[in-house]
Structure formats: C-alpha cells, structure tokens
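What follows is a single chain, given as structure tokens, in the form predicted on its own.
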C-alpha cells in the first residue's frame, strides 16, 4: 500500500473513479485544431494552453481566455501513477476528459473512438491492477456506429464502462434516439460515467462574470447541467425502460440529492405530466445511480449518501484539474525533484470530507474510499 494514510486504517484499498487523461493521440488531435476545443501553443519556454470551455478563447473574457496550462499530468500515464502514489491511491478508473469525442466529424468518429479506447486499455496494461478505464464513444456518429463500439468494449481487459457528456447525440439524454445506446450499455454491463461540460448559458452569470474566472461555471454551471440532464432522463422514463442501466454521476450528482424531493413532489402534483407505472426518484437514486464524492464538503458527502445510499458513493479526485495554484502556474504539478510530491488541496479536502461524513459509521468510510467501486465496477 502507499503512504497517504491519514485514516484509522492501514489496509484500505483506495479507488479513484473520477480521474482523467488525454492520451497523446488525443492531444495531437487538439493541437491540429484552431477552434474550441484545441491546444494553443504559447511563447517558447511556456506550456501550451488547453482551451476546452466556451468563452476561454474569447478576447473579451480576460480571466478565462488563457485556458489552462497543459503538462505531462494530462497525457503521461506515469505522471498519473506518481500522483496516485503521492495521495495513497491504489487504483484509478481513468477516462478521457471533456469534451471527449463529441466534436469530431461523424466520418472520423468511429475510427478515432477505436484508437482512443485502444490507447486507454494499453495504458491500463502498463500498470496491471492499478488502472481500469471508462471508454469513449463516437457520439457524433450514427447509432449503429456507437452501438458497435459499445459491443467492442467488453473485449478489452480493463474497460468497465463509458464516459458521456450531457449532450448525448445533440438533443440531450432524454432523446429517444439514444435508446439503442442505453440498451447496448445495459446488455453489456457498461456503466455510464456522466460528466458535465456544456454548462449554463453565460448570461445567467451576469455582465461581471469574467471577473470571477472559472468559479461560477465550474461551481454552479457544471452541477446544474448534470442535475438537469439526469432529471430529463428520469422524466422521460429512461430508467423505466432500462431498469438495470447504471449511471455514475460526477460531482455527487450536482444538486440532485438536495432537490430530489422537490422533483418528486412536482411530478406528483403536475396535472399535465402524469406518467403511469413510473418508479420514484428515490428508487432510481438507490438502484441505478452512483454518485462520486467529488463535492469537497462533509455536508455534500452526507447528502449523496442519504440520496443514493452510502454503498453507492465513490471516491474521486478530478485529476489533473484543480491542481495547487503554484503547480498550475508552471503546468508541472511537481516539486523541485520532479516527483509530484506536493499534496493537492482538492484531494486532501475530499479525503477529509469523507472522513468527517462517516466518522460515526464504522466501515462506511472504507467502502466509499474503495470498496464500493471494487464491487460496483467489478475491479477485483
């Protein structure tokens, strides 16, 4: 086991289910582009900048126009392992970070998805037992192309699901055209790791939003995007049609744990929307939904556990995002000896939130840190 054990146990297997990597092949694609998403080269001696969020390349958005520096922690799997060792993480389930393959020309999507998924599985093979993966889907392609890629994934040793954004095929996750995709995922026992990217219309953050950097889009826009997307899935009956479909929600499901009761009440009191034989929100949360613990507070972790059950909450870090500010400035995330030995506040905050949330519940902390992921994602 590794050396970060600020807990009262020494033999807990810690699993990070929310951790991203941009394989070198994917970085090359981004470097070949000039519109979002792309990698912008900067002055000699300075790191390239990753431009993936709306507005980051806008000259009028001074606080976000520069994007973020991209260093080895984004694409070098050895840097991922070094980060894991520094933070006591035994196993990581890696996934391509947003915007995934959503932006690809439909004619290229199938081939790129195959290549990226091959790369992800190969990274896992480099460190057998320490890495698993969520595959990427060619969602800009036809439904047949997407289903074919899903059916390929079980042939890999380390694939345990797929990562998807909230756009689906372009019309959201309540689009009936996605039913063949959900059917294939359910049949192949592939978990959906649902991750936000598109956020909210920038107008909701007001004319001074540029002064606040990424704070409002990331702290509020991403969680609300997730909340709306999953609510639309529930309202459209996705989980009624596919009762075994499993979905892991990023960032503890956004505001869904807090608003689930209000959502259920609004359904029950709406004279227009009266679906017959529907399952309750609470049933879906406890049977089909998993929540990562990337919420940075005891209160948030407790809400996630209350909504979906402590046996369906899973530890995550969101690496390589949210590095220490000093590391972000030089895009390395490394100490002077180059070994990434500095602890990340974003990670230690998550550890503390889990510890505090389950201080009076013997065994639950260990389950959230790793046991739940091992069981639910078949990582044994």
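Residue numbers count along the first chain shown, from 1. From a predicted model like this one, the values you see are computed outputs, not experimental measurements.
This protein has a second form, the form predicted together with another copy of the chain, left out of what is shown; the following refers to that one.
Note that among 96-104, 82-90, 118-126, 225-233, the stretch whose heavy atoms approach another copy of the chain to within 4.5 Å in the model of the complex is 225-233. Checked against another copy of the chain in the model of the complex, the residues 171, 157, 280, 142 give one hit for a heavy atom within 4.5 Å, which is 171. Residue-level contacts in the model of the complex: of 265, 148, 188, 78, one residue has a heavy atom within 4.5 Å of another copy of the chain, and it is 265.
Every residue of the trio 220, 251 and 269 has some heavy atom no more than 4.5 Å from another copy of the chain in the model of the complex. When contacts are judged by a 4.5 Å heavy atom cut-off, residue 213 counts as touching another copy of the chain in the model of the complex.
Taking the partner from elsewhere, residue 257 is found to have a heavy atom lying within 4.5 Å of another copy of the chain in the model of the complex. Under a 4.5 angstroms non-hydrogen atom cutoff, another copy of the chain in the model of the complex lacks residue 242 among its neighbouring residues.
At the 4.5 Å threshold, heavy atoms of residue 71 stay clear of another copy of the chain in the model of the complex, well away from it.
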